[in-house]
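Before any questions on binding or motion, here is one chain by itself as structure tokens, the form predicted alone.
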């Protein structure tokens, strides 16, 4: 049984999905492929990493294999029995690039297992199987967006998702005259894992201080009751939700100039209010902001490295990227990677 699941780009709505907020992602044409076969013991092989891990009994390993083991435990917690399997993985999604390679791996694994063993599980429950693997086993306090998008996406559409109610709408992604690119900073700072969970805890503290159950109950006037970094975190979430609503409107209208401005605003907020950016992604965004034909750019993903999303006029990015690569290498000694991205359908059987 062989399955592929896509990574995702979140146009806007960063660090809002675990705060009952709005997000506007779409799946991209880069994938994790998972092939499952019967085996006498557990065997996990990554063609991408050229690494094989074999286990007689499942346990936490502290490696990429934990995303797969977490999925198996999620199924078993629901009463399903999974015999030892051999799992082969291939991917053209950059690891640590902020494109949700972990969720794609979880979703592809979950679908491959369910199809191979005949588990009759609806798509939404599959979202929970994959998410619980990351939350409860790997230990990342993630929201629901990444796994949801990897399953529900449609080509040529973004998903406007309300993570509080889980209502969603497909928003046409008509980029006529424009293109989207991903620039991988090629860095992932050690802070990324721990600080992500810290931000989640800070947001929980904000609700406790204000006596609220959800960030959706917060108003701008509530910011006056907060101070220091808690006020900054709350301000980001409130304003980022507003930006998502505006971005949906701009996509429908085809107003890409305004959409680009929202991307820059989002990056500034992530940099100065939520404080999850880093020198490398800040450099990329500031460099692009000064160039004609680049409408917007922002860091995407959890932060402290990863990738930058770029919205550009057709044929303008190619005249800029080589000089950015040179300047970035001169400053940081790192060679950038970049990809033109297109939308994609969600998980599928190969």
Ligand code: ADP
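Numbering follows the first chain given and starts at 1. This structure is a prediction, so every number in the text was calculated from the model and none was measured.
Below, we turn to the form predicted in complex with the named molecule, even though it does not appear here.
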property: Interface residue in the model of the complex among 266, 109, 102, 74, criterion: non-hydrogen atom within 4.5 angstroms of the named molecule; result: 102
property: Residue (of 182, 89, 127, 206) lying close to the named molecule in the model of the complex, criterion heavy atoms within 4.5 Å; result: 89
property: Full three-residue contact with the named molecule in the model of the complex, heavy atom 4.5 Å, for 293, 296 and 342; result: no
property: Contact of residue 175 with the named molecule in the model of the complex (heavy atom, 4.5 Å); result: no
property: 4.5 angstroms heavy atom contact with the named molecule in the model of the complex for residue 317; result: no
property: Contact test in the model of the complex: residue 29 vs the named molecule, heavy atoms, 4.5 Å; result: no
property: Heavy atom of residue 94 within 4.5 Å of the named molecule in the model of the complex; result: yes
property: Interface segment, criterion being heavy atoms within 4.5 Å of the named molecule in the model of the complex, picked from 47-55, 321-329, 278-286, 308-316; result: 47-55
